[in-house]
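In the form predicted alone, a lone chain appears below as structure tokens.
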Amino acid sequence: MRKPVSRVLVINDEPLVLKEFLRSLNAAARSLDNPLGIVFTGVTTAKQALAAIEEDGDLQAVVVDDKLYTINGGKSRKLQMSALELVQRVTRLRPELDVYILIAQEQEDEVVDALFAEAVDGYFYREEKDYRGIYRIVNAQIQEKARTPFYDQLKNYVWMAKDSWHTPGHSSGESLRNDPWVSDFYEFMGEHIFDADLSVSVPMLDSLMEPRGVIAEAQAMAAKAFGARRTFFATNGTSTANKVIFQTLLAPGEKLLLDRNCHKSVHHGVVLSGAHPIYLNSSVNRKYGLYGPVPKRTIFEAIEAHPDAEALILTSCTYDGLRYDLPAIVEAAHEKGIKVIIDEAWYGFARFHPEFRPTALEAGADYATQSTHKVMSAFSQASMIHVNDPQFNEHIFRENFNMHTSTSPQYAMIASLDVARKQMMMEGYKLLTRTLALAQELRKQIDSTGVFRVLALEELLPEEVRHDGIRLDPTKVTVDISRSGYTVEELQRELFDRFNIQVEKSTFNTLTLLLTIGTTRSKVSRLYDALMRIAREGRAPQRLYQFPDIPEFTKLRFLPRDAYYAGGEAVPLLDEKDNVNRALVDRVCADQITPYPPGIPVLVPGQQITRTVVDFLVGLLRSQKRVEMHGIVYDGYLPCLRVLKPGEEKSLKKIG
């Protein structure tokens, strides 16, 4: 097992003083317990310090002299940068670093007052020269960051090897281990997955539903790491996290502003909460079949038109890596008293590298949901809910959280959240720096094939959001495949069958590649090799079938919850002669109808059906390209929509 390296940077403008500090501190590190491999290094200027912080991913802490001077002409001393300014710049660059200040005892009050509001972890007196004491404090703080309270306790319990007289039924794998029929499952999964699969009957492992022990500790450490006031672990994915927030903030009939392009869990949350949604049409890049952010103008107009809305939810970044200019949007919403929820499912790592910031919370959002499993090292379904809402009602939130979460959560999933937080705190900057370098390298390699081409931000942006301050997450790579001579389906099959490569998603003429902290140079090389081999086949480009654009939102006639829970009736999309059934026009849909890809609802419960919508759905069903149609009801082989009966329409309260 590789041992970690933890470097601590000392910044002092006097070379002889710095040399003595480093010699003595490293001597202390060698003579005392040093499990995390702490080594002290030093620089004499703020410029060198910032360069080192930017370049060295193994840095865990900095010790800053309270005043940094430069020597002019060997005589005069000129202040190069105050400790306050340097601390602020360090924090903006890498907020996960521990920061300590070296001060003179007689200046203690002055320095502490100046740095009171900054992220300073402690102060050391210059003249005391207590190097072993300084080392112990720095070591203890780094070890504290590296703790995983829940995971550590889970391991402790497993090593105790207690006899199990409680759930789950496999009893630490005993039901599987030597079974002639299913022991291969035990061997494939490994013994510890079963040893660690425990129940809420084990008090020392705390309760996810009412955490007061190691889960509460782990969540508090995650809140600090991700810049939240409170953080909650979710084991049902971000889909459930979004629903919990909706039911916390929204009572039946209260307004919610939302991107129609949001994940389907958001639309399901509308049904469950009984909210009155104001759907905002997203921008569309028709050339590549990509759905982008909601135009800033549309958002601002909706905020002005609906100041009585309780909340606004947006997805940032989008599946394709497009990021909103959030600070201005959050400010506009807060001016009207509207809470801001940001679905950061694809952007949870952003806190740990300046290339990706500001995060939603740093931009002022009240809530952020993150799929820790999507882009960090947690198990699938493991997510986090981050809260910065100053009016947060913990009791109501907890009731809604417990309504959705299982009373038998998977402890390995909780442990993976704890470990994912630790990894990002200790080496997130280093890992993301590597990922960014690999993304840049991959872009160049793909472009060099002469056939495949990575789309730049300007090409991804729909026209209507070109001046909205949208930025691109470089770890999402969208590749134009239109010159390859393959359809998307053929290319994906070729990559999978011939080269053992599975990509993230596609449109009719693009592939999306997702780079993560687990991406390696070997994977990049194999992908480049595969694309170059395909490119050299020299196939003639072929016409690629483009889906028609999803129709814009029509009209919401009833609350989605009211329409969804009505009985309704199934009306065919085609009549007896296999023509488009015009009887559906002006009826009200009772379900969410979502073609996948791209996964954007064409209809939501309570929405009025138009001829354009019916033509669109029938066109998709008749197309040669296979499209999943979520929400369609089949009467035998006949596709139908569940719509409200006339009597039900009369009994429900209309809106809008």
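It should be emphasised that the depicted structure is a prediction, and the values quoted were computed from it without experimental measurement. Residue numbers here begin at 1 and follow the sequence given.
Just so it is clear, the following notes concern the form predicted in complex with a small molecule, a form of the same protein that is not shown.
Though the partner is left out of this view, W346 does reach within 4.5 Å of the small molecule in the predicted complex, counting heavy atoms only.
Not displayed here, the small molecule is kept clear of Q492 by more than 4.5 Å at the level of heavy atoms in the predicted complex. For P409, no non-hydrogen atom is located within 4.5 Å of the small molecule in the predicted complex, even though that partner is not displayed. Interface membership of G237, defined by any non-hydrogen atom within 4.5 Å of the small molecule in the predicted complex, is confirmed. Remark: of stretches 238-246, 511-519, 273-281, 82-90, the one touching the small molecule in the predicted complex is 238-246 (heavy atom within 4.5 Å). Only one of T478, S416, T475, T315 comes within 4.5 Å of the small molecule in the predicted complex through a heavy atom, and that residue is T315. Of the residues given (H353, K374, K422, R557), K374 alone sits with a heavy atom within 4.5 Å of the small molecule in the predicted complex.
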